[in-house]
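Coming up is one lone chain in structure tokens, specifically the form predicted on its own.
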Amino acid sequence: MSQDATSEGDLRNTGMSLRHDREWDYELERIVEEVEERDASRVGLQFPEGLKRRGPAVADDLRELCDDDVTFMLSGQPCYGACDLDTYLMRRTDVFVHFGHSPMKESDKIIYVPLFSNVDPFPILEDALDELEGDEVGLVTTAQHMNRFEDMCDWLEERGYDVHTRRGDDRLTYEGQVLGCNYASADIDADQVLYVGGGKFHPLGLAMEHPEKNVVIADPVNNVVTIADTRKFMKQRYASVHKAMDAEKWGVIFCTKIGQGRMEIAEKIIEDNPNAYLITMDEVTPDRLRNFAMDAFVNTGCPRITTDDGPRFHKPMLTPQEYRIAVGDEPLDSLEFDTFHGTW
């Protein structure tokens, strides 16, 4: 095997030989077929933040495979999930391709390319067995590893485990899938959950929403096994709530991204608090909020804005439930992780 194949992954079985990063299957043949079938002349391509740099090379490959009169446009809008569609570009194209996430908003115009990983999960699963207790385990993963989910279930069952899985709700595409804002697939009859995937945010959120479960993280990308520990995260959230308890002026953020708006929650806060002000934004960043003279903010949009970026904001940034704690409507020990459930 060539050095290129070993270092960047192998796409020989996809039928496409790409000139660029080969870790993912961009499903170019399917995109070309859709473009031809719909006689499309304008095609939009949207990539998540970590993959935007690969967009021009994918566009080059598609140009070579399509007629010369087809125009490909790259979305420069921030994208952190399938709930984060570039609706401006989508309205101005015949075909809109969203890379990196599974379907959430179905549309005849949108082609979802989930970018399944070809990383072998089984070596790290073998290591993770040392952290499992008993023979019942729930299994969850992200969209990038769903192509191996059934294989992982079979692998665990062959080793004597009773594997519990479910599809959470309408916001989720696959059985066993978790999102950064939805862990309903982990609502299973097992005291421990094995999360297979990169990063710690998903398993930390899972452990927060299901504190009664032991969450084992098997990360096949970084080749490490850990246990989800929410203590540091919880201290951070409690600290933010405490800082906001003396706040007088509140900025209530309504996110205008198509899959992140919770206007009924925002309106309820405004209705009950005369010192709360509704702020509509598409992209919520610390720099933008510095222009508002507020004592604290409530984020009704994506929970990850609060949990991932919370420490970067100049004033406390709370979830809706944390806000209710800060103003005295709920006790401090009731703090929960903020999630999205259901469809749009």
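Here the structure is a predicted model, which is why all the values come from computation and not from measurement. Just count from 1 along the sequence shown to find any residue number.
There is another form of the same protein, the form predicted in complex with a further copy of the same chain; it is not shown, and what comes next is about it.
State the residue from 295, 309, 33, 49 whose non-hydrogen atoms include one within 4.5 Å of a further copy of the same chain in the predicted complex.
Of the listed residues, the single hit is 49.
Which one, 77, 222, 147, 236, lies within 4.5 Å of a further copy of the same chain in the predicted complex by heavy atoms?
Spelling it out, the residue with a heavy atom inside the cut-off is 77.
Select, from the options 152-160, 195-203, 67-75, 122-130, the stretch whose residues sit within 4.5 angstroms of a further copy of the same chain in the predicted complex by heavy atom distance.
Checking each option against the 4.5 Å cut-off leaves 67-75.
Should residue 276 be counted as a contact of a further copy of the same chain in the predicted complex, where contact means heavy atoms within 4.5 Å?
Taking the distances in the predicted complex, the answer for residue 276 is yes, it comes within 4.5 Å of a further copy of the same chain.
Consider residue 27 of the chain shown here, and say whether it contacts a further copy of the same chain in the predicted complex, taking contact as heavy atoms within 4.5 Å.
No, residue 27 stays farther than 4.5 Å from a further copy of the same chain in the predicted complex.
Flag residue 249 as yes or no: does it have a non-hydrogen atom within 4.5 angstroms of any non-hydrogen atom of a further copy of the same chain in the predicted complex?
Yes, residue 249 is a contact residue.
With a cut-off of 4.5 Å between heavy atoms, is residue 227 one of the residues that contacts a further copy of the same chain in the predicted complex?
It does not: once a further copy of the same chain is placed as it appears in the predicted complex, residue 227 has no heavy atom within 4.5 Å of it.
Need the contact residues for 240-266: heavy atom within 4.5 Å of a further copy of the same chain in the predicted complex, sequence order, or none if there are none.
If the 4.5 Å heavy-atom criterion is applied to a further copy of the same chain in the predicted complex, 240-266 yields 249, 254, 256, 263.
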